[in-house]
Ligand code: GLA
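Taking the form predicted alone, here's one chain by itself in structure tokens.
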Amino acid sequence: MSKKVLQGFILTLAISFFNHACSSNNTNTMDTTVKLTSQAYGVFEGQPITEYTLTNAHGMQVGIINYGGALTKIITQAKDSSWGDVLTGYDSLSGFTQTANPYFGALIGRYANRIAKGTYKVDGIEYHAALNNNGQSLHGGLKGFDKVVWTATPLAGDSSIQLNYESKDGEEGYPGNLKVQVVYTLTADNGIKIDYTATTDKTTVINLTNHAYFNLSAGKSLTIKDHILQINANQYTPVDALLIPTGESLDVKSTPMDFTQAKRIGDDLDKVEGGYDHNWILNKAEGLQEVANVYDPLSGRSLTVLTTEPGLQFYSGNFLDGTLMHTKNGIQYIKHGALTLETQHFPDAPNQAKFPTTLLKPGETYTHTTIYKFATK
């Protein structure tokens, strides 16, 4: 074996050891150097998939792949100073590409959430988005932004990754060539900042989000029922049996939907048919504002959500059933095993005149910023 080959082999082993150590659910020590590393993560449709890992000075780590722009890990510290991965996910690309993958960690578009019967009008023209959920269109259709390869570019400073994707006119039933850019930044104060921008050459509808599933116990608790949740919203949009908004805006007061004061998720969970999977109308003005908080008493971890969006979809992992394959450490993600807090415009807004518009016209720029900020207490 030549000297160069031997050096390369040793370097590969060192990188492999580092990545294995950082993926552990319970690591007591972490590298506290601010940096960005990358490693091969597989191949999809002939295109290489890469995992990028951002590390800040506190030792927090965030993993991102260019398949679906998905988050792969969020390693944060607990109150006992141990480290753990609070993101539900997979041990390989095979997990993300399996048919049953419920959008773990992925970027969602062109339209997040549901459009009734996939049908809507833009400038008087009727369009039909691809149907993929009980006769409805969900999260962009059969091959939404979560199932495509994005172009990834590390940005200066070792704290940000830029992802770009161009959705062609007619893709999944949406008009206009849509150019999308998403920048993930790991901040110095343990926040994952996600900046979305998009432009189109034809009037279209757009609603982008990230579909991260969180369990702040990092695997110590099988469900999120004991997590404490607060949502700054006095109203929500009720839905029918197919989870399509009825068009109403109802008060949360004296209902199981009331999270204006922090409460245990499991307290009223059984009172909501099917579990929580609803859009809350946020109490907020324009701009980036704090809209929700989650706390796990077991680990002492907390998550604060800030966003510029008018809505928040809280989903309590109702359809997780323990059957997903290629999961981290072979964990069975069971019903209510994780939660999502998807910042967004409202479901079915293209068909609901009273909801904030999701139209994007040529010459306009869609912008959206969300921050998931982690701490302990």
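Predicted model only: the values in this text are computed from it and were never measured. Note that residue numbering follows the sequence shown and begins at 1.
There is another form of this protein, the form predicted together with the ligand, and it is not shown here; the text below is about that form.
J.: Does the ligand come within 4.5 Å of a heavy atom in each of 85, 193 and 374 in the model of the complex?
T.: No, the whole trio is out of contact, none within 4.5 Å by any heavy atom.
J.: Only one of 219, 102, 238, 266 has a non-hydrogen atom within 4.5 angstroms of the ligand in the model of the complex; which is it?
T.: Comparing distances to the ligand in the model of the complex, the residue within 4.5 Å is 102.
J.: Find the only residue in 213, 165, 184, 96 having a heavy atom within 4.5 Å of the ligand in the model of the complex.
T.: Flagged contact: 213.
J.: Check residue 282 for me: does it contact the ligand in the model of the complex (non-hydrogen atoms, 4.5 angstroms)?
T.: No, residue 282 sits far enough from the ligand in the model of the complex that none of its heavy atoms falls within 4.5 Å.
J.: Considering only heavy atoms, tell me if residue 243 and the ligand come within 4.5 Å of each other in the model of the complex.
T.: Heavy-atom contact with the ligand at 4.5 Å: present for residue 243.
J.: Would you classify residue 348 as touching the ligand in the model of the complex, given a 4.5 Å non-hydrogen atom cut-off?
T.: No, no contact at 4.5 Å.
J.: Given that the ligand is not shown alongside this chain, does residue 41 nevertheless sit within 4.5 Å of it in the model of the complex, heavy atom to heavy atom?
T.: Residue 41: no, not in contact with the ligand in the model of the complex.
J.: Exactly one stretch in 315 to 323, 47 to 55, 62 to 70, 329 to 337 has heavy atoms within 4.5 Å of the ligand in the model of the complex; which is it?
T.: Selected range: 315 to 323.
J.: Check each residue of 132 to 165 against the ligand in the model of the complex and list those with a heavy atom within 4.5 Å, in sequence order.
T.: Contacts from 132 to 165: 138, 139.
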